[in-house]
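Given as structure tokens, the chain that follows is alone and in the form predicted on its own.
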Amino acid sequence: MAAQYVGSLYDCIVIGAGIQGSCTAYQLAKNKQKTLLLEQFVLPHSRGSSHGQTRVIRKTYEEDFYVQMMHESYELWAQLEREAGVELYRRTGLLVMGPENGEGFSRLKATMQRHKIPTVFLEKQEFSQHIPNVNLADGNGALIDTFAGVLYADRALRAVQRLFQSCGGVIKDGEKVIDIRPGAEVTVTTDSGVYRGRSLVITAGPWANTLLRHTGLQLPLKVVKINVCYWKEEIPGTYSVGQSFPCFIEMEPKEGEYDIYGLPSNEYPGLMKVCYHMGSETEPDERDKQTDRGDIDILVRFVTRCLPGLVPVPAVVESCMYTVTPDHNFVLDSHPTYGNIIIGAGFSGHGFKFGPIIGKLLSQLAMGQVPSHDLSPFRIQRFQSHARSSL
């Protein structure tokens, strides 16, 4: 069966049809590149990191480089909405709560002011007027990123894939990559065929290192399973998008603890999504064997203390995976040995909102262009001691 595929040469092959791979493939096809997008599972699927109905979109970051990328990402999301003719984003605002004098919260405030991001700073006494049904912990400050909101994730993914195909792009799903042979032309073998490309982009989420093994590279990526929890409103609508309830992030005060975040009830009426921004390490193909619920215990305590209008027991628990780098920054770089293999990995649970700009940057690398943002925070060489040891 493989023989029928050999012979066709693509300008670029992209492995992994999550949001990053799909946006990259779309950008390539838009630039008249003959592009193949490979996906190991039958689409749509819920095995990776891009499924589910909603994600937060925000500019609230401590780091200038993320804020600058998000400026452009917002523009590109709006462009995608126009091209697809589908609503992909709903503005709700984002409430950020954190230790008023803590380093993280102070840095966040400073970055937002520096970039003139439309922000409302809430004093303790006015908090409950603006944000009913939320208890602000003692010592916490609060601010609102007024342009933040909800991205409709599943819908966005389908829209980008549809646009990619309308530009002549080819998607082959249900094809697992079993070998990669680097060279002037990269040869990619799946369980159904053999494909050749002048360049290759690997955006395989939790499976990145499995594929990179074929190229002699291993990155310090940790795969964790996230319990995505939905909590029932005591009175339906209390925390709903219809009542203008915002998304939120609670920054954690102690080292080694992770943020808690939430989205207004919307996708499941009467249920609010509230999650812990970390999980327990897992093997991507064995995800469902990982049954640790330590994060749910943390959330139960948080919901009880801060969200009195929710039943403090999750009504629905779904699964997602994060692929986390040691510094929680992405990997966007060319392979250290093979310049025509491009890697987008380690999105560390906060990459979805960057999909369109990451697609643009990875496509620029694949086409041999100078990327339009400074990629130094995302280079592989920052892990030098980790990355080289396994070559």
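Note that this is a predicted model, so its numbers are computed, not measured. From 1 onward, residues are counted along the sequence shown.
Absent from the display: the form predicted in complex with a small molecule. The rest refers to it.
In the predicted bound form, at least one heavy atom of residue 350 sits within 4.5 Å of the small molecule. The small molecule in the predicted bound form comes within 4.5 Å of a heavy atom belonging to residue 261. When contacts are judged by a 4.5 Å heavy atom cut-off, residue 357 does not count as touching the small molecule in the predicted bound form. Under a 4.5 angstroms non-hydrogen atom cutoff, the small molecule in the predicted bound form has residue 249 among its neighbouring residues. Interface residue among 69, 365, 56, 324, judged by heavy atoms within 4.5 Å of the small molecule in the predicted bound form: 56. This chain is displayed alone, yet in the predicted bound form one of 277, 232, 109, 196 has a heavy atom within 4.5 Å of the small molecule; that residue is 277.
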